[in-house]
Structures are given as structure tokens and as C-alpha cells.
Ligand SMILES: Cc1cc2nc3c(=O)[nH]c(=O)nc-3n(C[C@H](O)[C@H](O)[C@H](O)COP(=O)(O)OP(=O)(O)OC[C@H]3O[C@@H](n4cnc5c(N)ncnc54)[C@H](O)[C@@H]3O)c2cc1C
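Only one chain is given next, in C-alpha cells, and it is the form predicted on its own.
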């Protein structure tokens, strides 16, 4: 069995129709309207919108492959992993239309099942078909089987209201400007249009824990376990921590072809999403250069005037946009010497606290679950290892004190079942998202390289309890800890959302109050990453909204 942390080879998703990368290492020109630092999906979206509006745009990516955390890499010959992000849901449908992404290979295959194997030999599968799901849930609670559709309907209503929030810049509640007051009025009217019960539901989401919120709806621990974990993705919190109920809603905001709460695989891996955006951007005239590390932004008299590459080469621009997280943007690209002490204090209080890891497996056969043997639709969606709420809360208890969970929550997908392009015939790739893996291990995050393989063993051992024979089927293994996510993918503290999705870090406070509209205190320096509104996930909205804010301000 081959093991490794960040081994990579080819840089394009399988089936990619030509590389959208313009060059490697060095841009063609010395001056641009806009330079976008970082070729993640949000940076590429931002570049595409700016170029579509007629701007001369350059994208600079440090790695050899585009996508940031939305990346596909053939880590081992014949096996393409969605190395970090592994499913698509939140990507905004209007961006797909406005950038013509389908013409550039954007193709999402919907997931139809969420499967929960249980250690006692039982299992639960939830499908898009409510009648089928009702029969599955009724085995554990006839009452919950009847309530489940009502819960989904209520959350979908809130998700539709949330479109008013995530598809627009964050409101500025302290401003009396007519434009801001009109936006608040529009939000207020949308909120007023909700059913009275749904308005109460929204208030509860903002204050309760995921576990307590679900307790008000359901009685079966078997059902509440896999539903509760949506509240802790990307946070260093437990399912019983207040505020985690809101993150449940964040995971209902996604839609595919108009269907809310729809999740899917990108054909060719999540990197194919990034490559489709990059191809569209290049079609609008964007120049994209990989293996071009930006050392810092050149600042003259409080104004961004370009960038300096690690090689020492300088490139000028009328505006610079960072697709990096807030810490890397302010402390790395800008530099603390250009910032006011009060703002530095706010930044240092901004919570990243990475808590997730990833284990990607290449196997010579499908895993066979004891509780539901053989192939079937239960393997074609996501598989949750979380028997109940207490299981995931105990996993959090270990992480609080600086240890990765000995029995972690796993979210597992086998994309090769529905997308055969990512593995050789008869073989498969298995993606395991892991919670909890705290960035701050006891003794410091620098201990992670020595703990990497033990962490990978724990994940495999946990999954193998439900599907004996898994270990013998593994051909290759890639283990990514928060330390790897930071050093290889540029995610400070390994946070997959560029900052926790906690209530004090949302809307007009993401990343900081007063600087939540994609601007920075440096003139003509902007941000378009997941560390800005509306947050993380393969969404594209931060990139789109940043570009439109820049164009509106005449910044380039």
C-alpha cells in the first residue's frame, strides 16, 4: 500500500478539454487592470466577471494546478482524487448561466442517498424519494417518519429566504444611506413574507445548538446523529455548542437545477468545476499563470499598485484582489506594517481553528458493508459514520484537548460509482472527510507530520469496522491533516471555510465589521475569498460579489 500526504501528478481533471492555464511561472505582460492572487474557484469567478466587463485581468496561482481546495489531482496513476472539497451543492445557479459554464464542461451528477451504517447491523438510507425515505425512518421511529418531510419543507423555505442574503453583498446595519436602508427593507419584507412558524424557526437556528434544535423535531438518535453533523462542518465546535444550528441551514442553501438541499459530484472531480470557470475566464480574456508565488502586494502611499513575485519580478495593476483567507491576505500579502493596530487586533481575534482532515483511498474493489452487503444505491451518495449524537460529541471532547478523535465522524463518498472517469475499470476511489482533527494538537501543530499516518490509520480502522476487508483492498492512500491543508493548499490553520461559520463571523462581520464589503483599508486592494460574505463551500458567490462591487466602485 502506498502512503503519502500530498503526492501529486497530473494537474487537469480527466476528460478536461485542453488546459485553461495560459502560462507557467511568468506572465506575458508587466501591467494589468486587475491582478487576482490565487486560482481558487472564487478567484477564478472574480476574474471571469471582471474580464467579461472588459478588464485586463491576470490570475496568479502558487501551485501547479488550479482550484485551491476545489481541485482534482491524479495523485496515483489512474486514480483522480477530489483532494480536498469533494461534493458540490452551494454553487450559485446564476453564475453557471452568466459565465456559460456548461459550455466549458460544468457537469454535476446529483447524489440521491445519504447512508448510515450502524454497528449493531442495522442501517438507515435517506433518498430523494420521500416515500422511500419514510419507510426507512419508520423502522426506527414512525413518528419521525411523518415529521421528516415537514422538517425538510421548513428548512427549504428558510433556504429560499436565504437566497436574498447569499446572493447580495452583506447589509450594513449601521449605515443610514438610502441604498443600505433599501437593502435592509428588502430583507425585512422577505422575512415578513415567511410563515410565522418559519420566522420562529429562524430565530431558534440563530441561537440553539444543532443537537437541541433537532431534539425539538425528532426522537430517534439514529436519525438525529447524521443530521446533526451538518452543524459542525468547518467549526471547532460540538453538536451541543450554541450557534451550530445555523450551520445546518447553511447546508440546506444549496440547489441543483432548482432543487434545494441537492448535493452532487462534479464529473471529473471538484477540480472540473474550477477548470470550467477557468476556461470561461480565459474565453473572456483572462491570463492565468500557475507556479507563480506572490510574495507581497506592492503598496505605495496606502494604495495597492501591483504585486511582487517570489522570484523578485514586479507586475503593476490598477487593483489587486486576494483569493486567500483573511490572515494570509492581511498578514502575508499586505503586511502588518500597513495596518492600524485596532484592525490588527480584530484580525487576531478572527477564528480559523481548523478541525478537519481528509483521507483519500484508491481501492481494488467496492467496500462491502456488513449491515447492507453488496453494491446498491446506498453506496452512490454519501455515507456517514456517526451512530448517534453522543458519538460525535465524544469525538469533539477529545479534540478540545488537542487530540484527533479516536472514533471520528466520517463522511464518505465513492465518486467512481457514478463517474467512472476518476478510476481504472473495476477499481474505485473513496473520499473520507474527517471531523475532528484539530490544527492545534497538544504540543503544537508542528507535531502533525509525525502523527499523519496514525491519523490515517484511525480513519481506515473506523471505516473498516463497518466494512471488513477494506484494508486489504487499499492500493494507495493519501492523508491530509490540517497542517497539510495549511502548507500545501494555503488554508491558514487548515480551516476549509477560510474562517469558522460562527454567528459573530457572518454577514457584515465577515471577516471584520467595517470591512465586510470585499474592500480592505488599502485603496484598490480587495478580497474575494471564502473569508468574505457569504462564506465557505464551492459557492462562487464571494468571487462574483467582489467583482461586481469593484466594477460598481470603478476600481479598475
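No experiment lies behind these values; they were computed from the predicted model shown. Numbering follows the first chain given and starts at 1.
This next part talks about the form predicted together with the ligand, which is not shown.
Residues of just one listed stretch (512-520, 24-32, 493-501, 50-58) have heavy atoms within 4.5 Å of the ligand in the predicted bound form: 493-501. 324 is the sole member of 362, 324, 232, 352 with a non-hydrogen atom lying within 4.5 angstroms of the ligand in the predicted bound form.
Of the residues 389, 485, 276, 227, just one reaches the ligand in the predicted bound form with a heavy atom at 4.5 Å or closer; this is 485. The ligand in the predicted bound form comes within 4.5 Å of a heavy atom belonging to residue 293. The ligand in the predicted bound form is not approached by residue 104, whose heavy atoms all lie more than 4.5 angstroms from it. Though the partner is left out of this view, residue 86 does reach within 4.5 Å of the ligand in the predicted bound form, counting heavy atoms only.
None of the heavy atoms of residue 126 is located within 4.5 Å of the ligand in the predicted bound form. For the three marked residues, 118, 122 and 378, no heavy atom of any sits within 4.5 Å of the ligand in the predicted bound form. Residues 529, 530, 536, 537, 538 are the members of 522-543 with a non-hydrogen atom no more than 4.5 angstroms from the ligand in the predicted bound form.
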